[in-house]
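The chain below stands alone and is given in structure tokens; this is the form predicted on its own.
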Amino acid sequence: MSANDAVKPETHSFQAEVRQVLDIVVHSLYKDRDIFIRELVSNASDALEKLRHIQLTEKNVFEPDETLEIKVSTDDTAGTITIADSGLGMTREELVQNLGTIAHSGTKAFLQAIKEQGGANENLIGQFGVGFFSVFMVAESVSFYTHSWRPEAESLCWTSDGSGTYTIEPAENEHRGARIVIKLKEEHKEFATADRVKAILERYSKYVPVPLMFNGEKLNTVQALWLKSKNDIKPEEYKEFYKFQCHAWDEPLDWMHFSADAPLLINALLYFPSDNMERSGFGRMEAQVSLHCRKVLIDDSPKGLLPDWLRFLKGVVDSADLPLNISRETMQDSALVQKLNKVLTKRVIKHLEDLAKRDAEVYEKFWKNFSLFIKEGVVTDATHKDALAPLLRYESSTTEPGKLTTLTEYMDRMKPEQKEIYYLTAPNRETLESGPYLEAFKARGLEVLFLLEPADDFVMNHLGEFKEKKLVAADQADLDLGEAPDSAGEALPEKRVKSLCEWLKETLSGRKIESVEAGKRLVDSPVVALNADKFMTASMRRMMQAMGRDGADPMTPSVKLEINPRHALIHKLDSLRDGDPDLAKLIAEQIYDNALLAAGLLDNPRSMTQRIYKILENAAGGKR
């Protein structure tokens, strides 16, 4: 019989309140039972990091040549899982202090000791000291074998079934560190199967800073790239990490890698994918930026970490400042999430601005695939809409087809006296260039932005202005563009113009016409329908119709009809009022429908067909 055999196990009771607290840990604290593996591996990682620090200050360490690593093994026949490390281990007193008292944080105390020495170690991840007790969610019994780093220490075994007591007794020839043997409850023996445990380790612990061995296989083969210096990383490594971390098949279009220490300690590696899955018809994208605390996964889909319009981003955010709740599963302070959100969002916007200057070609590819997300940000994110405005890109009346310009570049080209930024909306550029609205601006040398997507109207209305210049739709009725340049033809006398406008208003009384006036803006067109409701533009109306029910009110807005008193057709119409009133009425109805068609407000052009035939018949000399 050995000396150890003669020593009886010491039986201890947990503190008076431990039974109640343990019940909370086991039944209420953790949402997922597999968390216990993450917690135990994290504790092992802490123990190894502490040992590394000790080895810098202590010359005499037990088993100094022992490999620093974590070993996890399973035995589905016996229903056990074993987690071992070669870290600093525990003495008898430390077992009582750390495993006999729930919520005593050895790691927290250790961090405080390092702080007092003027040092720091960001790889220490434990903060509350209860993670170990999560094992009792699944364990029938737990045996904790250990030998402290102190050479004079003894090999010990701490054992408990979590019911309120634990024993400490000598053990035989334990290596330095800790070896936890977990006998699983019958209903939780899934955690003794290799595939189940490997999946958990690969999800939560694949970046621990020491070798993580599972049944003899090293699992953490990829480094936590976000914690490395950018100068030490090659582009190929960034791309490989993107595919590994984000389970991506495409190549990243770009990435941003940064660290910050104020207002929070943050290390982040965020990727801009090359494919927009929403645009490809695969449904709404979900954020793929995971939240870590010192390399350990906290949440792979953290809510509120980024604004919803940045849901296309992928990557990792790691913050050592996270005041996690007792289970590490949610953060105590939602204000901290908002701080992270604010810092990250500003960084992303600044990165995109820099990208546009540094590599316009890559930014154009980004804009082609992800412009709707930026526009969504302008519409939904009041905090950042002004910062997002310089990222917007549009064609304009001064650019070649397909070439994009910015609001800043538009302002650089503005006339000194110009006070507004003008834009027009339509499904395509050709419609705008052939319509009546643009001619007034071209004649005056004013640039007009071409908005070719339905969402653009909402963007401009929410943005409102850019650098104190109002954003104004060029089809609005209340624009003052000044006198039009001289054009061919003499204007109708003022009295005839007034009479014609009154006649048109009366003739078209069944239509939604707010007023008929002679205007200054037209040069080559006879008439234009101006939008009297600046909040119901043609593209907004089309979107609302598309969202409505079949047979719903088409919501045709009232328009202001503006005629060109110099145009030959207007002269002819004026003379026809007296000479051929029936034909004059047909022409009045036709130019009104033409104006609506050009404005994108005509819902059913088929009604024009018979009228056009009648007009053509008259032009050909009437009936035979």
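Here the rigid core means the biggest group of C-alpha atoms that line up within 1.5 Å when the two forms are laid on top of each other. One-based numbering along the sequence shown. On a predicted model such as this, the values are computed, not experimentally measured, just so you know.
One more form of this protein, predicted in complex with a small molecule, exists but is not displayed; see below.
This chain is displayed alone, yet in the model of the complex one of 74, 288, 98, 369 has a heavy atom within 4.5 Å of the small molecule; that residue is 98. Site annotation in the model of the complex: the residue of 561, 47, 37, 70 reaching within 4.5 Å of the small molecule with a heavy atom is 47. Although the partner is absent here, residue 247 lies within 4.5 Å of the small molecule in the model of the complex, judged by heavy atoms. Among residues of the shown chain, residue 449 is not one whose heavy atoms approach the small molecule to within 4.5 Å in the model of the complex.
In the model of the complex, no heavy atom of residue 273 sits within 4.5 Å of the small molecule. Taking the partner from elsewhere, residue 318 is found to have every heavy atom lying beyond 4.5 Å of the small molecule in the model of the complex. Using a 4.5 angstroms heavy atom cutoff to the small molecule in the model of the complex, all of 85, 90 and 144 count as contacting. None of 57 to 65, 585 to 593, 572 to 580, 38 to 46 except one has non-hydrogen atoms within 4.5 angstroms of the small molecule in the model of the complex; the exception is 38 to 46. For residue 69, a C-alpha deviation of 2 angstroms or more is recorded between this form and the one not shown after rigid-core alignment. Once the cores line up, the CA of residue 180 ends up 2 angstroms or more apart between this form and the one not shown.
Here residue 593 does not count as shifted, since its C-alpha moves by less than 2 Å between this form and the one not shown after the core is aligned. In the model of the complex, the CA atoms of residue 41 and residue 245 sit closer together than in the displayed form, by at least 3 angstroms. In the model of the complex, the separation between the C-alpha atoms of residue 39 and residue 260 grows by 3 Å or more relative to the displayed form.
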